[in-house]
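Okay, so we've got a single protein chain in two different forms coming up as structure tokens, structure 1 first and structure 2 after it.
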Structure 1
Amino acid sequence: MTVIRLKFIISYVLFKLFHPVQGCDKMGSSLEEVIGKIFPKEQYSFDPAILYAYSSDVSQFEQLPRVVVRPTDKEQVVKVVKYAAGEKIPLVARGNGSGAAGGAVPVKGCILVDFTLMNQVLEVNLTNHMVRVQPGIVHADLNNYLKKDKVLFPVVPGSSEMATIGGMIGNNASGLKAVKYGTTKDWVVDLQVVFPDGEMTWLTRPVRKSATGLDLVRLMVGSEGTLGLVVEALLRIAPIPPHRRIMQASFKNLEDLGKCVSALFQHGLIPSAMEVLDRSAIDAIHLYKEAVNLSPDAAAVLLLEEEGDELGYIQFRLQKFQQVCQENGAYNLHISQSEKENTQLWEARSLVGASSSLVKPGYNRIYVGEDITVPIDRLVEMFKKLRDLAKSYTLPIIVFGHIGDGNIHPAITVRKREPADLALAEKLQDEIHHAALALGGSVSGEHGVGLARKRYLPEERGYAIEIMRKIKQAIDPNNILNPSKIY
């Protein structure tokens, strides 16, 4: 036994001698020493207070990392991944921690890689209509930067001021404009990725289309940091339309609103944004920003944005929307009059998920994975189900969402320190997710799987989840990148 142990130790030492961690020559053996050699001291921390501050995202999960590192360049990322690969230490990527599914929540003993110091715009190419960025840039900062050239990255999450591009890529984020512009995956041209073995590569070519082999860019978008760490991204950009107007239509109930949305689609009337707010969501907005011009009494409101080069054409389109809406039970139609009104409305709408806490004093929003998507022609049934659930559960549910994509966020609010409320929320969450699946929907339209929705994935994806696991196993055989998430 002792001989075997001795042999093992000798072979281990020899292995370590001849396989030094690449890029980390002369590194010490302890995590502290190695991290201290890769990063200057202001770029990493083992401080318990800092670790605690990075132990969560918006979801209900939390776990302390072993260390937080903040790379400023991709070489540091390569080095830390190579080290982690050698030692089989888990690595979790983090943008700004605004994810709602636990994707950026550390796993036990992990190195948490905070990308927010890699936040530069590297190149804007107006001819190719592309921008090259570091992953830690915040979405709103990118669009502010691009504004002078009258272009934007048109996938706009409600969390624009918080979400980083890396986090958006990780979760395949979308948002207010998805009905027109699609989701993040539709706007990513190429990615430079550090894979779990420490190899860094671009995945394709900087061209608008390429038919050479598997689409690894799309594989990477939405993989939640489980397949590789994105260190640079080449994104498509779009011109900023000079004009926009938002039409607001009131409804007596959500089901009528759902029918109207179906009718609009049947007429081929697809706006640049299409949002739904139920009564409590409107109240939440008014409690956050009193001045926002929204119906004081409607049971539900549909917001339709139309944008373009010509105001006249926008008005022509809105008239068509108006007609269909009126034929389908809408009343009190109002069209925004100024850019100030538009901005106020969208800003408040963007944050309604967080404002849901304002609706009933003592009841606060918890993100337990309410990001369902159903086919447009099943929206009415989903709304009916939500109405029934709201009746049978005592917890306030605030309903809003990107209805143009069938994406609904039924926000559950609870008394956070009441275990009974938390248990009830868990049951309610299950019912909502299963209802969406039963209608042919998905448990996540844009927030991702993370830890929050993992348990629903076999039901949603069936055998496809096995394929995903095989891909994960092939790329990350040691399971060091964001283990325990998604699959």
Structure 2
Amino acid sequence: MTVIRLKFIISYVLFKLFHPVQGCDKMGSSLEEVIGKIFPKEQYSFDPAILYAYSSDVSQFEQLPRVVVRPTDKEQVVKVVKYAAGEKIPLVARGNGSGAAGGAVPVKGCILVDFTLMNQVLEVNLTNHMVRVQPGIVHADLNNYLKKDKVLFPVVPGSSEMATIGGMIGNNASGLKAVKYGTTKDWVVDLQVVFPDGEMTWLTRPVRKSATGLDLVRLMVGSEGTLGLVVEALLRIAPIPPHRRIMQASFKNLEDLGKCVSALFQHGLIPSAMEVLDRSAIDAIHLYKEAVNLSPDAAAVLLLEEEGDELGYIQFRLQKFQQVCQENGAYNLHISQSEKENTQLWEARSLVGASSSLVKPGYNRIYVGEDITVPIDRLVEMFKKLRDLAKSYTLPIIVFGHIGDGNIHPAITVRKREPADLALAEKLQDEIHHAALALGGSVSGEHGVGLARKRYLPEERGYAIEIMRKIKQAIDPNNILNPSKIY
């Protein structure tokens, strides 16, 4: 027996001694017997080491499930949901665990449903511009599959290589190209869902629009597995733009950056991506890779991507972008002239996450307070507030994000083994969230609520949170689907 496996088992035994599982242990072997009838032995596990591996996501939350099941078809999902409904056992859906808010973290005594074996493309309809998939397919794998037909699912999360389509639907994910393509909800046509009583149904019809009653598809997108388990998804797809170019612009101060972004929109210049790196991110990236071409004296760097069918038109558009940026204080502007230069200019944005843990020796990034959005005209205020908070809390905060839709990612770094740092980070995330709300913003733009942001929902949504709870109660009266999340 390896040391690691022994550690897992010891952790599990200690957990069981001090955290008795509710709602499952009383059944003893009956749970194992029923699960064994629904799933072949290679598709489920009660092994403490396996349970430990599923006990967390990217967030700071951790909890062991009672059992992990890995369905390969929707009939197995229906069976396990019907069993759980009858016994009132909680169920938590999970993809690859790349979420940052604890949305897929198990709850006590739960059956954790890992959808990663349901990862197939079932149908591509190029005439209708739609693709039907299982929820466990990874975003990058889906687009690699679609590439031969010169189409793509254009919502691009930063975790494309890990994020599953089911997880993206659960969180209403977006990412780098949201300024042009919107969020996941804008590209979901229909969903086949298993509801808490085990009934399975499609929510609408496979058409581009319908005016027949409530939009249950949009209700399901962003519900984080609390209302139903998605077993198939019908998604819209778009042609792959054959050409793209990147423009990089530097700014001496945040005020000029804010004026420039507003001016671009006022001129009708909407790029396919619009990203920002502030001074903290520029410094972090240079620590990671000094050769990256970013202005060392800039207060912020703006990265714009333009894509389309005609390279000449893209270049014409970028000249317009360049003119507006120069009129609003930008300097050191550069437009890529090749795919190689595209990669070089975009490299800075791709490195910022990894580089955040190099800013201060011994400090590493944690995912708290990391996904706020504010109105475009309040962005400068939020950037300045984050700078002030970094100074007052003496914790490095590396700031970057999708400035085109007001989505900022403050990367807080701490010494993870220092309780004082973790306590400070808890207070700091409170200040970040309350600051965003005070500016008319939201505590999450794309990472979801889960456990991490649940306590801020009453302040952000007011009475609307009561409506959400009533919907949850109506659909899931026994509260078995991902209980304790969002509401």
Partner chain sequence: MTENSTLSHLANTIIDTCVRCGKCKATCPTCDEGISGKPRWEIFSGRGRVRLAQGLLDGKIPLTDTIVKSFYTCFFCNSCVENCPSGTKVTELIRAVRCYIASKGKQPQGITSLACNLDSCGDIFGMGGGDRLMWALNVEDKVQARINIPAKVLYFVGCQESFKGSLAEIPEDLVLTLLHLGVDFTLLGEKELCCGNPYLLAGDETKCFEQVEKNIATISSLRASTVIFTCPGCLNTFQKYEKHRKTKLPFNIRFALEFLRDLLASKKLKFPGNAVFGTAVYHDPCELGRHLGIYEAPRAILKAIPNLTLLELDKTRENAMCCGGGGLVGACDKDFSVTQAQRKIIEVLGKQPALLVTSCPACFDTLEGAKGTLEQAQPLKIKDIFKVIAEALNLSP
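Quick caveat, the model's predicted, so the values are computed rather than measured. Numbering for residues begins at 1 and runs along the sequence of structure 1. Here, rigid core means the biggest group of C-alpha atoms that superpose within 1.5 Å across both forms.
Looking at the condition given, the form predicted in complex with the partner chain, one finds it describes the source of structure 1 alone. Relative to the superposed core, Gln120 undergoes a C-alpha shift smaller than 2 Å between structures 1 and 2. When two forms of a protein are overlaid on their rigid core, residues whose CA moves 2 Å or more are considered shifted, and Lys289 is one of them between structures 1 and 2. Put the two forms on the same core and the Cα of Ala298 is off by 2 Å or more between structures 1 and 2. When the rigid core is fitted, Glu255 shows a C-alpha shift of 4.1 Å between structures 1 and 2.
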